[in-house]
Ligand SMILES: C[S@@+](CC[C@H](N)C(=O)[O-])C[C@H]1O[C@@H](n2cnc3c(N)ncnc32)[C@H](O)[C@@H]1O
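The chain below stands alone and is given as structure tokens, in the form predicted alone.
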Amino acid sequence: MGIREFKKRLRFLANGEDSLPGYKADGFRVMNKNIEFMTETKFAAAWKFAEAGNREAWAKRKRVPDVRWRAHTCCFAAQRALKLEGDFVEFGVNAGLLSMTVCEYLDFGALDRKFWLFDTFAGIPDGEMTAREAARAKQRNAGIYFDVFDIANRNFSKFDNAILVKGFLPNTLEGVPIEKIAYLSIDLNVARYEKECIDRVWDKVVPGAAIVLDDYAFIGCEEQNAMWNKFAAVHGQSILTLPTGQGLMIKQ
């Protein structure tokens, strides 16, 4: 391939032409990869369930974001958790796009587990954060979030063992009877909030448990990335960076 043809190909890719094969969504594209998981019956049904339940919650954006690959990551982590002792926990739920997919995928209502779902259910709360985080929070609160507690409550109504905990983290952890955690998903948008939460529950996360960090590798989330890298180093852990923007830590 000559340099002119190569540059033309780069421009073609940069334009994000929909005619290219593969998957294009959520800020990335893949080509020449096997993506059969997206049409696998069990996963596709779980995503359809979650997507339908979240349409109202994403009304400001007019569509539910196609984060199927992120949901796939969460289902992988949750499937592993079934071989471990402990409950499931999510910090930062909104109306439950990812956690609904997990619940439906695992038929969670039939399991002898609890899924603790922590959120304000009304966006990112005010608090101590960097100027960049504050600007991002203001933008997301205005452009995405509103009070979705009733929507979330409806979305998880078929799962009696999925428990919504409304309020400000880490305060809402007080008095919640979590002894062991086999699956943990974190998406609080602010490094300080995530640090305070992981410090509270780290000793409850069982060895082998997967921790999914939703914002880890996104541009604009450098504070969270740096915080998690430091946390991992202090605790002798490692974090896998995923093209979805997530980070994946398996507790050693």
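In case it trips you up, residue 1 is the first one in the sequence shown, and so on. A quick note: this is a predicted structure, and the numbers were derived from the prediction, not measured.
Keep in mind the form predicted together with this ligand is missing from the figure; the text below concerns it.
With a 4.5 Å heavy atom cut-off, would you call N94 a contact of this ligand in the predicted bound form?
Yes, N94 is a contact residue.
Hey, in the predicted bound form, does K158 get a heavy atom within 4.5 angstroms of this ligand?
No.
Any chance G86 has a heavy atom within 4.5 Å of this ligand in the predicted bound form?
Although this ligand is absent here, G86 would stay clear of it in the predicted bound form, with no heavy atoms inside 4.5 Å.
How about T120 - does it come within 4.5 Å of this ligand in the predicted bound form, if we only consider non-hydrogen atoms?
Yes, T120 is a contact residue.
In the predicted bound form, which of the stretches 106-114, 137-145, 174-182, 78-86 has residues with heavy atoms within 4.5 Å of this ligand?
That would be stretch 137-145.
Scan 167-196 and write down, in order along the chain, each residue with a heavy atom lying within 4.5 Å of this ligand in the predicted bound form.
Heavy-atom contacts within 4.5 Å come from G167, F168, L169, D187, L188, N189, Y193.
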